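As a starting point, one isolated chain is supplied in structure tokens, in the form predicted on its own.
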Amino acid sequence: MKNEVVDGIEITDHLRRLSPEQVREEILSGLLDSPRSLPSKYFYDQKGSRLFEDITKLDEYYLTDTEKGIMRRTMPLVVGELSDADVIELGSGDCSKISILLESIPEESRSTIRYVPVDVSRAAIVKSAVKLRERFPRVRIQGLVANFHHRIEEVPDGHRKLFCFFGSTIGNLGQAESESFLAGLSEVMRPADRLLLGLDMVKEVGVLESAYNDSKGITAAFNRNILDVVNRLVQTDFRPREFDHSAFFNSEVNRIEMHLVPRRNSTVHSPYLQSPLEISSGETIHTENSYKYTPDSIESFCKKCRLNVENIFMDEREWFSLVELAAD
């Protein structure tokens, strides 16, 4: 554990970092598996993070603006007279959404609020915290560098907690992983604590698939960039431009799947492979899932995680939901 003050902001580092050997094993085991896959966390190097930020601004990518619209309408109802509380944002990223929430807290109560952004990126926490400190000088900010999947117990204790997990990020986890994570969160939640969970909804397939196949090709560039990351980490010689981006809705499991598909037979070398990796034309590398929900599946999903649904807030088109949850 490392504590420091950066630009006047308290930062605690609890990040569990994999060794280079563990990283190589994780990546290569997925590539050697059948079907082939790559962990989606490797999307987010500096370039990948910048590309994802560009994706959130696309017309086709409705998720971000729709969730923010729901928040602007409902945060005063959710926050109410919130005071003497910790607002904990999991996978905090930028500060655009949490700003909507903090704006809804009455000015006189903000000095009693502690905001805890939890993210694997120390730089992202500092960048957002500096902006928030200028806009909400009364709010205390205590950043936590950690992988929220595994270190939720490191969240500071002592006050009523409002956990925030925006952006439908939970939909990128596998079903067993998401259930395990939320069940673990429910165990640390007290009766007065709440969780705000962003979930994307099942809708017209064309709308869903357009969101992940934008006309500018930014999502395709984001998807291919993972191969550049892999090349650096395991010294492979993937040629990303020779792979097509493929994203489609799998109706059997209600999820968008993203894949990379080689246009021709591809041979990939690495000093950490016993023999070259032969990938046939048309064979895919599965890079990400994004699960979508219905009102019924939200109820059953949360019940499995030992969470009670207090409210489901949706936009007028019912494209996205912000779910308010309490521990069972």
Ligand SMILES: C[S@@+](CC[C@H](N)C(=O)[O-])C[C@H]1O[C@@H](n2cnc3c(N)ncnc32)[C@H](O)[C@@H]1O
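All figures in this text were calculated on a predicted structure; none of them were measured in a lab. Heads up: residue numbers just count along the shown sequence, starting at 1.
The form predicted in complex with this ligand exists for this protein as well; it is not shown, and the discussion that follows is about that form.
Even though this ligand is not shown here, does Ser92 get within 4.5 Å of it in the model of the complex, heavy atoms only? Ser92: yes, in contact with this ligand in the model of the complex.
In the model of the complex, is there a heavy atom of this ligand that lies within 4.5 Å of any heavy atom of Val230, even though the partner is absent here? No, no contact at 4.5 Å.
Taking this ligand as it sits in the model of the complex, is Tyr44 in contact with it (heavy atom to heavy atom, 4.5 Å or less)? Output for Tyr44 is yes: heavy atoms within 4.5 Å of this ligand.
Using a 4.5 Å heavy atom cut-off, state whether Ser109 contacts this ligand in the model of the complex. So Ser109 does not count as contacting this ligand.
Would you check whether this ligand, in the model of the complex, lies within 4.5 angstroms of a non-hydrogen atom from each of Phe52, Lys97 and Thr169? Affirmative, all three are within 4.5 Å.
Heavy atom within 4.5 Å of this ligand in the model of the complex - residue from Phe136, Phe148, Phe249, Phe238: The residue from Phe136, Phe148, Phe249, Phe238 that makes the contact is Phe148.
Tell me, out of Thr74, Ser121, Ser180, Gln142, which residue has a non-hydrogen atom within 4.5 angstroms of this ligand in the model of the complex. Contact with this ligand in the model of the complex is made by Ser121 alone.
Just one of 44 to 52, 255 to 263, 30 to 38, 272 to 280 has heavy atoms within 4.5 Å of this ligand in the model of the complex; which? Careful reading of the contacts points to 44 to 52.
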